[in-house]
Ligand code: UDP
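The chain that follows stands alone, in the form predicted alone, written as structure tokens.
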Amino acid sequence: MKYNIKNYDYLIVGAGPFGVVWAHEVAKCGKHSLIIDKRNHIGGNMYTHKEFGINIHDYGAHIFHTDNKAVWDYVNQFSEFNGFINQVVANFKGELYDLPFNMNTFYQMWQVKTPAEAKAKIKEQRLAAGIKGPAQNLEEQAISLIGTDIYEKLIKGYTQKQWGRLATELPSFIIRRLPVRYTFDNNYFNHRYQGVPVDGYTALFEKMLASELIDVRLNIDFFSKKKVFLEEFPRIVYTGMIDQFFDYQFGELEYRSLRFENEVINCNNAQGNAVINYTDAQTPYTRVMEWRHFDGQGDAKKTILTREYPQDWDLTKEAYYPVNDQKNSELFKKYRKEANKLEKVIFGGRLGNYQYYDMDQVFEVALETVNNEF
């Protein structure tokens, strides 16, 4: 396929949130973009579709949550959000606990009823584990935060399934993403603004791309014509894997991947909650989503469950999560140094920046990057 560079100011590689935000914003400045994506849909991992009137998140649960009012106002231009609050239930070998870690969890685990009792129990278990200084890994960080019992039942098996390695081999910062509260509050996130789009994320992105200055071409692999693209387009926004862009010249960065298994059930409520985490090491999946509980929409006689299975990543699979340990962080710095040498290429998104961004962070960084362009 031949492209006339006179027609476009930007080639955007990837129709996920970073690329779509970029295209939308530069279109407001009169700039013409071509977005290409190797998949057959827009939206990246935020893509949704409907079955039986139910919004299905094809790449795992995506709840938009943020304290950034500017980002919240931005996404609300394109969709009404429903205010959904994620209240996760953890299933450990049939025992049920509330997540994230809060007084409900502490009561279910230890029958303690006050914050002082919970803190005393956690301190006792931290000291018994011999943890005195700064946490050296995820296991030590978890025990320091919520004690040995909760770590063993609700974190250890789940985390090791998710990341494919021992908790003692993972950096401590991973567990800091989860709140620890000494109140009876099951809200999974601390953020002020939360919800999912009432019509799904795909509809949101379609509105963002509704400009005559934006062209979208799907099922196109950037690497099939990388040299031609680099020669023909004056500016490129690249949101794929940064190590792949440089032909893995320093070696492959590590990622984790996922696979999903869907089940249609002839009832309107199969598990009673939007998300249930399976935290034991033996259950092969990490969580089960029941999509109708995210927005209450859909056929009253049908429900759909999705089981999420973590898996090792290879070139045949989608890269979901960067493994931001010390080894990979050092390797990424080498690629980042090379990227900084390329004046016409902008790297963005989770894969382009090798960062474990939440959705609001991708939108925020994309908007900041566009602002720096003009």
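A residue's number is simply how far along the shown sequence it sits, counting from 1. Note that this is a predicted model, so its numbers are computed, not measured.
Another form exists, predicted in complex with the named molecule; not displayed. Remarks below refer to it.
Visitor: Mark W291 yes when one of its heavy atoms lies within 4.5 Å of a heavy atom of the named molecule in the model of the complex, and no otherwise.
Guide: Contact with the named molecule, no.
Visitor: I174: heavy atom within 4.5 Å of the named molecule in the model of the complex?
Guide: Yes - in the model of the complex, heavy atoms of I174 and the named molecule come within 4.5 Å of each other.
Visitor: So in the model of the complex, is the named molecule close enough to F245 to count as touching (4.5 Å, heavy atoms)?
Guide: Flag for F245 set to no.
Visitor: With the partner left out of view, is W110 within 4.5 angstroms of the named molecule in the model of the complex by any non-hydrogen atom?
Guide: Although the named molecule is absent here, W110 would stay clear of it in the model of the complex, with no heavy atoms inside 4.5 Å.
Visitor: Between L99, I146, L204, M241, only one gets a heavy atom within 4.5 angstroms of the named molecule in the model of the complex; which residue is that?
Guide: Partner contact (heavy atom, 4.5 Å) among the options: L99.
Visitor: Please identify the residue among N104, Q87, Q297, Q162 with any heavy atom within 4.5 Å of the named molecule in the model of the complex.
Guide: Of the listed residues, the single hit is Q162.
Visitor: Looking at 211-219, 148-156, 249-257, 69-77, which one sits within 4.5 Å of the named molecule in the model of the complex if you count heavy atoms only?
Guide: That would be stretch 148-156.
Visitor: Using a 4.5 Å heavy atom cutoff, which residues in 125-144 contact the named molecule in the model of the complex? It's fine if the answer is none.
Guide: The one in contact is L138.
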